[in-house]
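In structure tokens, the next block holds one chain alone, the form predicted on its own.
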């Protein structure tokens, strides 16, 4: 893919109009008030038929699973156009031009929680939880990070599941959980208690928890540097009892050498990292747009600052970053068109570049605006705060470097 098609541009323009009408007027309340993003996201899903498209995909997937269709592999092959991937990425790009936090809230609910259920769950579990999450009827949260683990997500994990007959008893706490305060459906990742097995080697399991279950406490939204439109909170699980039908994959998950959760979580990280380029493209595009306009209007020493070479260099570097990010997005779409996806190392490389580019461009935009750029009145201030998290979540820059280097050294 070398450019957006006319159809893609029409969809982009329609999404942009929706954002300007529904999100921009509420931006102050989303970013600094108490307005959760979910009703606006549901309206966007309904406006563009995204909920019905999700329902259609769900029904086809369930039908194939129930029929034991041998052609299921073919269903994962690309359509030759990548339109499906493009239609998913365009709203991400456009939302990130104004409100990156809404993408995080949406992506974690549908892209992480929903995907985990649909990839690892039984047919019954997919029916029970999958459809509601994929259509935004219910909000999902994917709970892996703990206060003491950070980047050592698996090795440092303390949350546990103890089997007692046909039930499991869950204990543990999670932090920095997107949608945690408001989630209806939570994929809770923990270790199986196994006698004689070192804690770092124990099986990783995924349990689906419902809001209101006895022993589950969802904390209030945490205050953050940025992404204020994406509620983030803590989860506390204390002697929560659930039957095996809450374990994604059921008995099959228990029979795997490391449990079903470890590889599933890695797949989720890979998907999450691939999406960061689209988020960065939205942030960078908006910062560049605002910086160009300001450079034309802002006058110093009797001429627009855009006529000074130092400012021109900043704008030129922003455009280079925008072009590179757009090409990475096009690569993602092209791979999808052929039924392929990036490996973990390539996804890590893309995330590393995209996150750094977004932060660099956003901070340079603040610099172009000078004192005004430091004021919340100007949008670049918010985008600079929002961009920083791209270097932290879904694996820090340092973790991406580690993944890339390991692949190079062992390849």
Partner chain sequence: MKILVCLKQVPHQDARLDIDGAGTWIKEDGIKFEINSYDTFALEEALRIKDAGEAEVVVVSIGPDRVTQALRTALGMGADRAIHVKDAEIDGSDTLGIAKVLAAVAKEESPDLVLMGLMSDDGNASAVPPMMAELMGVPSATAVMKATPEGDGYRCERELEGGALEVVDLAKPCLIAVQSGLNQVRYASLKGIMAAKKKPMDTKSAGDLGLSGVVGAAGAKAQIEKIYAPVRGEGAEIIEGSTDEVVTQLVGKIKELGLL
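Positions refer to the first chain, counted from 1. None of the values given here were measured: they were computed from a predicted structure.
Below, we turn to the form predicted together with its partner chain, even though it does not appear here.
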Residue 47: heavy atom within 4.5 Å of its partner chain in the predicted complex? yes
Tell me, yes or no, whether residue 17 is in contact with its partner chain in the predicted complex, where a contact means a heavy atom of each within 4.5 Å. yes
Examine residue 6 and determine whether its closest non-hydrogen atom to its partner chain in the predicted complex is within 4.5 angstroms. yes
With the partner left out here, check for me: in the predicted complex, does some heavy atom of residue 87 sit within 4.5 Å of its partner chain? yes
At 4.5 angstroms, heavy atoms only, are 12, 22 and 53 all close to its partner chain in the predicted complex? yes
Contact with its partner chain in the predicted complex, heavy atom within 4.5 Å, among 184, 334, 272, 83 goes to 83
Pick from 241, 296, 162, 317: which has a non-hydrogen atom within 4.5 Å of its partner chain in the predicted complex? 296
